[in-house]
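A single chain comes next, written as structure tokens; it is the form predicted on its own.
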Amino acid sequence: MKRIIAFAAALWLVAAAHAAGKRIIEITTDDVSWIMMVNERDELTVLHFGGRIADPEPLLAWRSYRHADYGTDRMACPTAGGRNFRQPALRMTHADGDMNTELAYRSHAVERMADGVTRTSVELVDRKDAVTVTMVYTAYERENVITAHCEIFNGGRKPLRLHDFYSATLPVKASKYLLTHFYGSWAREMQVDRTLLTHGMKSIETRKGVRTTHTENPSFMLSLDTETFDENCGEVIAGALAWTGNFRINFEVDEFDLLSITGGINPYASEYELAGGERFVTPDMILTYSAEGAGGASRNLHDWARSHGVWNPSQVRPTLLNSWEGAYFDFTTETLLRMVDDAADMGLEMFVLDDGWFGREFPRNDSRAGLGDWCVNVAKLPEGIDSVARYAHGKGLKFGIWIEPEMINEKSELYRKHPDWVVQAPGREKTKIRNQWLLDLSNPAVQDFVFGVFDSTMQLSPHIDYVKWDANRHVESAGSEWLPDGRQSHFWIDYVRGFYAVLERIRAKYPDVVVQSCASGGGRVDYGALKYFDEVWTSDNTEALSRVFIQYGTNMIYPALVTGAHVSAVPNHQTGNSTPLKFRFDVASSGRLGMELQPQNMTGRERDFARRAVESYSMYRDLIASGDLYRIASPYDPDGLCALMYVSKDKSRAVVFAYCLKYRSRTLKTQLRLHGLARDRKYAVRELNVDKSRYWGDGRVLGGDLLVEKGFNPDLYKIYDSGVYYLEAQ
């Protein structure tokens, strides 16, 4: 009888929707339209994603002329079932074993969330069972970004099993699709890869659970109707997933040359049992469109991030000296105090104490012991943390500290007490990475512990302003002693949810502490983490030549506001390469500037230059944090020159960075067109941090039209030549 009632109710809903006839659902920003239609079969289809269409009503008459034998039209939420044969956004097994799901439109609602932010919720129901899927689209009008996720509700009493549960599907029609995405490894993150999509499926994904963005990043750019990547011209769709766990983004070109993009949580080993009355919410897929090339798409994402996607975007990220590469585990209180003195002398704003400060019975003197025991190592720091933090504040510096709260060493008091808290498959070897295991954040008790690590660390001193949160391994031999046997596949999702639950508690208590997301460098560079973190540690590789490529890729999707970039010693500790100090500063200054070396090993001349470069950075740091990024020349271009520019929103100021990455001989001469300047304004040009400029226009007032059309041509031709140029409208 209950099934008959549920079936009758579903039929009534479908009949009511059908009686209402076809309708347009329009989601718009200032320049972008996402237009959907409820068709005569009560299916929610996508008609358009791209430039703004003022009047979409004529699209009610739209016909694709697609023969029914070839499956459904462009579904907004394609499911496994009915006629659909493409990658489903939703695939489930119902309580009675039925593997088909067919969704029909029920209703939609539009809500004004804030000035310039509108949310549209579209409710769909299964034609047979009591399953509701709500598609949620949030339009950020000024930023030209639309986010999408879905909420799956089991309205029955018996559980159903979710297999695929992507956040969004975006069908796109063009003649060609050039995909730009990002790959890499530890110390080589966010390398750029481009491929022209062909028929079939291409996916970018990770199955590592933690440190998920070293090898692939959950983001992309898609250039339409072209085989050529262009910064300034052409149509580009860009996207990113706000999820800090396993992800997958699929690009499927079918026989109609229609591209379907599906993105969300990776369904790998993650079947999820949804109990009766339970709701499953997917993470946001962040999407934008630009008719001004890849640069326009990046600027849209950056604007959105600085307004909505990053924790406390108005907070000034301080310049800093980090202790790691300058001291590693080998330091005393006196070592740290001298580093504080040196940081203050060079004009930096903060000192950060990295790994090695904790452990009692198992002191943290190397990577083999101490993780989990977050008490001060009194043998190393008998005066405690507060003495160093207070000293830093007395010198006018802020103070930061490193933690790795999700991790545990076998040599720790915590492991002796709670071996059951380790992520492990019972009866199998617990494999180590960097001599450590992972704590099981799907367990509420572990969540309490990890929150307690942060909270107790903050109690070590009232002078702690910054926390570097690290995570130096990924998941292997996945398993949880907390989760029941039938729900082990929930681990991959519940771990991330547990991580977010901890961060919610931390941010409720410590909203103003600057917290960095570090995971062996760039292993957690995603918009899921950035909801809670002020910045990311872009890479453990601090070598400037490598960083040109890493920061170039990172800032295609993520704003420079959040990208930590440090000047380190030479030969570089990761690559062994030696680069000039000026080149190192010029590269690091295009992000959040810091230093990571032992200042006592610097010469007096090097210290003088550091003071000069840090002081210059203060002139334009606001442009790095909030300006529009224009990529002028790519490091992947064969002529060996990279250049980028940040321009203030009112176009009154700009800063240009130019780097020579290989010997260019005397015949390859620079010509960089500074797109982004106001053509009708004149700019005073000044090269920073040099006594003698290598640009003929230094000290002159030049027209914006000249700098855009004729270009900018500093004489950079030897490897590691570099320049920073400050432009101010007159």
Ligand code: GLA
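Residues carry their position along the shown sequence, with the first being 1. Just so it is clear, the model here is predicted, and its values are computed rather than measured.
What comes next is about the form predicted in complex with the named molecule, which is not displayed.
Option touching the named molecule, based on a heavy atom within 4.5 Å in the model of the complex, out of 468, 299, 547, 248: Checked against the cut-off, the match is 468.
In the model of the complex, the one of 646, 402, 437, 491 near the named molecule [non-hydrogen atom within 4.5 angstroms]: Contact residue from the list: 402.
Does the trio 184, 190 and 526 actually contact the named molecule in the model of the complex, every residue with a heavy atom within 4.5 Å? No.
May I ask you to state whether residue 229 is within 4.5 Å of the named molecule in the model of the complex, using heavy atom distances? Contact check for residue 229: no, nothing within 4.5 Å of the named molecule in the model of the complex.
Against the named molecule in the model of the complex, would residue 520 count as a contact residue? Criterion: heavy atoms within 4.5 Å. Result yes; residue 520 sits at the interface with the named molecule in the model of the complex.
Does at least one non-hydrogen atom of residue 472 fall within 4.5 angstroms of the named molecule in the model of the complex? Yes, contact at 4.5 Å.
In the model of the complex, does residue 537 come within 4.5 Å of the named molecule, counting heavy atoms only? Yes, residue 537 lies within 4.5 Å of the named molecule in the model of the complex.
Listed range touching the named molecule, judged in the model of the complex by heavy atoms within 4.5 Å, from 158-166, 76-84, 219-227, 351-359: Of the options given, it is 351-359.
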